[in-house]
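Taking the form predicted on its own, here's one chain by itself in structure tokens.
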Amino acid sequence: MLLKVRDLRVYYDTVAGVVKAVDGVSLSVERGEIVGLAGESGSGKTTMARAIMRLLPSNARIVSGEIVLDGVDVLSLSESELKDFRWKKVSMVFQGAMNALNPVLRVGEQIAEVLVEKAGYDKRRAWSRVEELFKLVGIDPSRTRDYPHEFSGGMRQRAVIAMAIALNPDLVIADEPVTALDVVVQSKILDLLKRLRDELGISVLLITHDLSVIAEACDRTAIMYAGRIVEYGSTEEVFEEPLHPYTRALISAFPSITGERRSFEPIKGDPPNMLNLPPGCAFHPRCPKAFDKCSKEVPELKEVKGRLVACHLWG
């Protein structure tokens, strides 16, 4: 197993109170696997990713839990150790990555800087590696000296992915990597991630609210709601037979171009206020299957039909 997260809790201290953004999450990623992390905005997906990278803002604190990557206890690393850990063991394609490139520096320079500063490359060798990376992600190496504004959106996204894999990390965390792209370019970027997994053996934690992205690219899928994982299993099983009412509602609210024509079934209500979560299961005020126990007890994540589900319906 490459990544193991166990009972992780990450809280934000705000002027209004404590936000339990990640509240007891356990997750694993095998080598060469793409795992999808899905859920509505505010469910804790990005906080989870930043905790793995140890890149949380100053008002966030990891209250408890364990993060182990390739045998390394991430939470015990010092700041100097984290400098080598990031990029070499794990890297991240941040949300809004198309705007992450410095507009006044050539794209190749920005990738070469990573190689020089983090891996001790000399400039000539770094530029040679940049050209290799451009070929790997499907960009003409002659474009290494172009500026970001000379790239299309899809090319900028590929360039950021090239930067993320520059030092051959074991794990790449991709946070909403295709959200701002049209569907054709989205498909090409997802194909690229799968090809990098197959050719380089890189594992990917893919964070998105778009279930079509999960269905196309991921081997396993975790569904988050209000800081907790409510269902976790193989992508095929989760989509064919969702066991948690929230998973079922997410899939029902998403259009299908191959299934029967039907009306959309939006999820009623709004995501909960993370400063004031309802008692019991956080989804119960919106759940059509809720019964008395749901408003009183928080359901534990347990094995049901070969996957993990947190729901009293499976008690």
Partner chain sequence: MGFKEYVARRLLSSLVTFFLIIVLNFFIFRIMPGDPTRTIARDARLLPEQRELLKKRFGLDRPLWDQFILYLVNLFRGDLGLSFQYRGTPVVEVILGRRMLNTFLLMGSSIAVALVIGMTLGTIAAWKRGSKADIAAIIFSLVTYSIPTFWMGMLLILVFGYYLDWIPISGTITTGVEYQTFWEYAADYLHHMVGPMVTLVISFIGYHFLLMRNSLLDVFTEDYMLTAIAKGLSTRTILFKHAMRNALLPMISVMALEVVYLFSGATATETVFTWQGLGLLIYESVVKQDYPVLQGIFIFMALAVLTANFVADVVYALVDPRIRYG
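Numbering follows the first chain given and starts at 1. Computed from a prediction, not measured in an experiment: that's the story for all the values here.
Just so it is clear, the following notes concern the form predicted together with its partner chain, a form of the same protein that is not shown.
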Contacting member of Leu77, Val114, Leu136, Ile165, with respect to its partner chain in the predicted complex [4.5 Å, heavy atom]: Val114
Mark Arg50 yes when one of its heavy atoms lies within 4.5 Å of a heavy atom of its partner chain in the predicted complex, and no otherwise. yes
Decide whether Glu109 counts as a contact residue for its partner chain in the predicted complex under a heavy atom distance cut-off of 4.5 Å. yes
Check whether Leu55 has any heavy atom within 4.5 Å of a heavy atom of its partner chain in the predicted complex, and answer yes or no. yes
Are any of the heavy atoms in Leu243 no more than 4.5 Å from a heavy atom of its partner chain in the predicted complex? no
Sort through 68-76, 128-136, 199-207, 142-150 and report the only stretch with a non-hydrogen atom within 4.5 Å of its partner chain in the predicted complex. 142-150
Taking its partner chain in the predicted complex, which residues along 101-129 bring a heavy atom to within 4.5 Å of it? Leu101, Asn102, Pro103, Val104, Leu105, Glu109, Gln110, Glu113, Val114, Glu117, Lys118
